[in-house]
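The chain that follows stands alone, in the form predicted alone, written as structure tokens.
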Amino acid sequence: MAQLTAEGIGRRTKKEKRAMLWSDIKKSKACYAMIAPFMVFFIIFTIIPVLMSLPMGFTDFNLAQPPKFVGLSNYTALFLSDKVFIQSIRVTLIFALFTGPVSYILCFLLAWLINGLPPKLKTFFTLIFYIPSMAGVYTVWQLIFSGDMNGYLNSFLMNLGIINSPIQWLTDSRYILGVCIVVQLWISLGAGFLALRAGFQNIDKSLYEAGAIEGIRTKWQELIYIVIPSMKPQLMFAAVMQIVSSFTAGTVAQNLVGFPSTDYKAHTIMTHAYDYGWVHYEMGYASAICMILFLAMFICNRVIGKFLGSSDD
């Protein structure tokens, strides 16, 4: 009888989940009312454009005339005749491979180190590391990487005798991608960093006591056996945010090395979509580019979810 009951419950799982969700909404009316304005704008300016870009990618649309259905011609043109797009894929992958994992590890390590400080120092260093993600720091980096002999980096290297003449960091195709990666790492401590900081603070202190009784003695053992298992939701959120920021990076290159960059060496997929969408006004073609980028991010998020997601998610 117990087995039959369990099977019956299994068949009613979706209905039960909907009933529980509706019950939670009723109990937490105030909370849902507070997030309602954000959700409205999120749906209008994020969800709806994403949904619209899928059918728009199969059209020829220039904003001045009605869309014309062209089938898969936008996608075939991207992969068969658009050499700049193929190069932008390579640039985006290099950018994502360098900035994504490195930035993620930096976010975690900094949050871990800050968590051990006194409360006032926690607040101070959290603000210091988070500010670059909000502030426009490009002017400062342009001074650092200026191509004349008075640029901070050139002046420093020439005084040490490492170089004899100034290096054109922002126009030489050999250096511009590296410069963009460095700046992106500097400004990448954003929402993911704050989520990890909150995750460290929310770990149950009794877990540390139980770990000490079980034989955990070092900080590294605490990190592996207590911290990481307790922070899977925050780790997952931070990973998603880093993936999104790495794949959609384009602002850094536009502000530092120009648009387009020399030999398209810092031309990412997002920059390519911006070029066709807001410079050439080929919205159908730009939508096809964005859809490919969306699929790439979705696949990466699913892969990361397999490693960091829990069975209860």
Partner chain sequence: MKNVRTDKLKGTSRQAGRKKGRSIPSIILLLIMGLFMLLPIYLTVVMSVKPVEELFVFPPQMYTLRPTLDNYKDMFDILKSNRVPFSRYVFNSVAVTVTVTVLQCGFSAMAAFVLAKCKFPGGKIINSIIVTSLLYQSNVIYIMQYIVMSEMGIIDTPLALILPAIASPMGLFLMRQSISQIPDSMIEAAKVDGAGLFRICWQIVMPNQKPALMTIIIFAFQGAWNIQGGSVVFQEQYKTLPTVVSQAASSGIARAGVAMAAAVFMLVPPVIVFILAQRQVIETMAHSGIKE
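Numbering follows the first chain given and starts at 1. In this text, the rigid core denotes the largest set of C-alpha atoms whose superposition between the two forms falls within 1.5 Å. Just so it is clear, the model here is predicted, and its values are computed rather than measured.
Another form, the form predicted in complex with the partner chain, is not on view; read the next lines as being about it.
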query	finding
Candidate stretches 93-101, 114-122, 170-178, 79-87 - the one whose heavy atoms come within 4.5 Å of the partner chain in the model of the complex	114-122
Residue 105, heavy atom within 4.5 angstroms of the partner chain in the model of the complex	no
Non-hydrogen atom contact residue 157 with the partner chain in the model of the complex at 4.5 angstroms	no
Heavy atom of residue 297 within 4.5 Å of the partner chain in the model of the complex	yes
Distance check, residue 38 to the partner chain in the model of the complex, heavy atom within 4.5 Å	yes
Sequence-ordered residues of 137-151 touching the partner chain in the model of the complex, heavy atom within 4.5 Å	137, 139, 140, 141, 143, 144, 149, 150, 151
Flag for residue 25, CA shift 2 Å or larger between this form and the one not shown after aligning core	yes
C-alpha of residue 279 off by 2 Å or more between this form and the one not shown on rigid core	no
Core-aligned C-alpha movement of residue 46 between this form and the one not shown, 2 Å or more	yes
